[in-house]
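In the block that follows, a single chain appears as structure tokens, in the form predicted on its own.
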């Protein structure tokens, strides 16, 4: 499933449409990705509207148009944004296509786990305004993290890092990377962390998100070569620090990789 940086990369695919008017729309309004939205309203409002700006927040995208129109997109597992020539004929998986004069902005989703949301009004929609603080934002503080860890003290660290109301945009590989950078075993609970370790999770999370956005989020390039990410996908992958064979298990329903030497399971010492 696309994570924070991949979502940012795909958002930028539609940058070429900024400042241009939507001339026509094609959509598969009966599909489940439009759940909770009115496809007829989307089509009626966006026709003739100009794409003004866009942004991401975690795994969510928001596209702002003239006519007080706000289009929210979630990629799900297989969603992608791309740009096609203006004469493009939509395929069966191209569920939303915005035709402009020189091009077509396409949202495709083969498995339809993604979602299209729509809002018509002067202010940003509530489902966007109420999203939790981004990991890279000033509002994502160690104090906030300590409070959440206290409330969810029995949860494994890996599960907490996957919680979108805590770490928006962080998915499976990023969670493993954060824990490897912080030298913490993914199986230990929040209750086992001391103040220093909690701060290490905070620091590593912000660093991993920032670097991912500057690499994958810009041009799909790899993060640094000494990161766990480049080894965790490999059969027989080894720790970039000490060369130890990575250990693997299913935690919080996701395949997890870590170094048993760099990330020992131990209780807090104070």
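Numbering follows the first chain given and starts at 1. Nothing here was measured: the structure is a model prediction, and the numbers come from that model.
Note that the form predicted in complex with the DNA isn't included here; everything after this is about it.
For the chain shown alone, residue 140 is not a contact residue for the DNA in the predicted bound form, no non-hydrogen atom being within 4.5 angstroms. None of the heavy atoms of residue 126 is located within 4.5 Å of the DNA in the predicted bound form. The closest non-hydrogen atom of residue 83 lies beyond 4.5 Å of the DNA in the predicted bound form. For the chain shown alone, residue 76 is a contact residue for the DNA in the predicted bound form, at least one non-hydrogen atom being within 4.5 angstroms. Listed stretches are 127 to 135, 92 to 100, 178 to 186, 192 to 200; the contact stretch with the DNA in the predicted bound form is 92 to 100, by a heavy atom cutoff of 4.5 Å. Distance criterion of 4.5 Å from any heavy atom to the DNA in the predicted bound form singles out 155 from the list 71, 166, 105, 155. Contact annotation for 88 to 118: residues with any non-hydrogen atom within 4.5 angstroms of the DNA in the predicted bound form are 92, 93, 110, 111, 112, 113, 115, listed in sequence order.
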